[in-house]
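First, one chain by itself in structure tokens, the form predicted on its own.
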């Protein structure tokens, strides 16, 4: 299996596939990509639903957006994008509100027509309970952004369901991803480049990994072959870092998602791609209606496919989606970093799971492009003796 291989990449998600494509295309090196799942694409894997023609996002909805021109231009090599712009909504106490929180949300919630200045002044007053103290956790960060009433309506319950963690135990940077606007602009992302791949996400990976110098094998568990690998085989590992070290420093906190799919005999169930459910009494975090991701497609007009998302802690053997990243998790990860620096001489840890960082798709691609230039080009050109990363794992 490894005959003539210059690099083994563990994981066929965006980080691993980008590395493989660049190393094969730019450096002319042979790359073997393995993935323990039966498909490529990692959690971005999609496939068409035979009953409706909609693209099923098997591991939860993926919405591409970036302001990074390098990443956008790179993906144009493998796909064309639709003009899809994401707009999100939240159901709270049987009312539907626009997300992210914007002037329409604020006016509707408080039952008043407010100008931008009036809304901002009101939120500043509601957020004053923190004083000058910088936010120490997600709850305090959210209150500093939108005040306590909006936090308790739209963020507190949803976050508790989503992360299965008290918001006061989560780091403040998580909520920084949620924009707040004092205009009626309701587009979810501000990024310059947005859209959905016209042929689905899996088609991107098929083209990225189609280079003749890339061999891809699915259904292969790295830990089944690890003991038989050559001692100095360079490896790019994009799996969970705690699993790599057999949980020697403890289990990192991961969140996973269970998706309950259902076909319904209606052409349109909820009128939008994603509806959040902020009430804690509702067991699922959101409902995804897949047909709305690709309105340019000709889909079945008599039925639709929805997915109810249930968030929970990932157990060993589950697919880890997102790092929970509590203070305790950060301490565990630091110990894994120390092990990587001291014990692993020719292994590069990358991607969301390998670096225990929340990375969107464009960030994973950008990180892989950077690692290619700073780690793998020097290695294969003989200017570096190892693909290991010293300091923070990239």
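Since we're looking at a predicted model, the values are computed, not measured. Residue numbers count along the first chain shown, from 1.
There is also a form predicted together with flavin-adenine dinucleotide (FAD); it is not shown, and the following applies to it.
**Q** Is residue 307 part of the interface with flavin-adenine dinucleotide (FAD) in the model of the complex - any heavy atom within 4.5 Å?
**A** Residue 307: no, not in contact with flavin-adenine dinucleotide (FAD) in the model of the complex.
**Q** Does residue 119 reach flavin-adenine dinucleotide (FAD) in the model of the complex, with heavy atoms at most 4.5 Å apart?
**A** It does not: once flavin-adenine dinucleotide (FAD) is placed as it appears in the model of the complex, residue 119 has no heavy atom within 4.5 Å of it.
**Q** Evaluate residue 360 for contact with flavin-adenine dinucleotide (FAD) in the model of the complex, applying a 4.5 angstroms cut-off between non-hydrogen atoms, and reply yes or no.
**A** So residue 360 counts as contacting flavin-adenine dinucleotide (FAD).
**Q** I'd like to know if residue 209 sits close to flavin-adenine dinucleotide (FAD) in the model of the complex, meaning any non-hydrogen atom pair within 4.5 angstroms.
**A** Judged by the heavy-atom cut-off of 4.5 Å, residue 209 is well away from flavin-adenine dinucleotide (FAD) in the model of the complex.
**Q** Identify which of 314, 114, 282, 220 has a heavy atom within 4.5 Å of flavin-adenine dinucleotide (FAD) in the model of the complex; exactly one of them does.
**A** Exactly one residue meets the criterion: 220.
**Q** Select from the listed residues 234, 239, 253, 197 the one whose heavy atoms reach within 4.5 Å of flavin-adenine dinucleotide (FAD) in the model of the complex.
**A** Going through each option in turn, the one that passes is 239.
**Q** If contact means any heavy atom within 4.5 Å, which of 340 to 348, 22 to 30, 36 to 44, 325 to 333 contacts flavin-adenine dinucleotide (FAD) in the model of the complex?
**A** One stretch meets the cut-off, namely 36 to 44.
**Q** Just give me the residues of 3 to 24, first to last, that have a heavy atom within 4.5 Å of flavin-adenine dinucleotide (FAD) in the model of the complex.
**A** Residues within 4.5 Å: 10, 11, 12, 13, 14, 15, 16.
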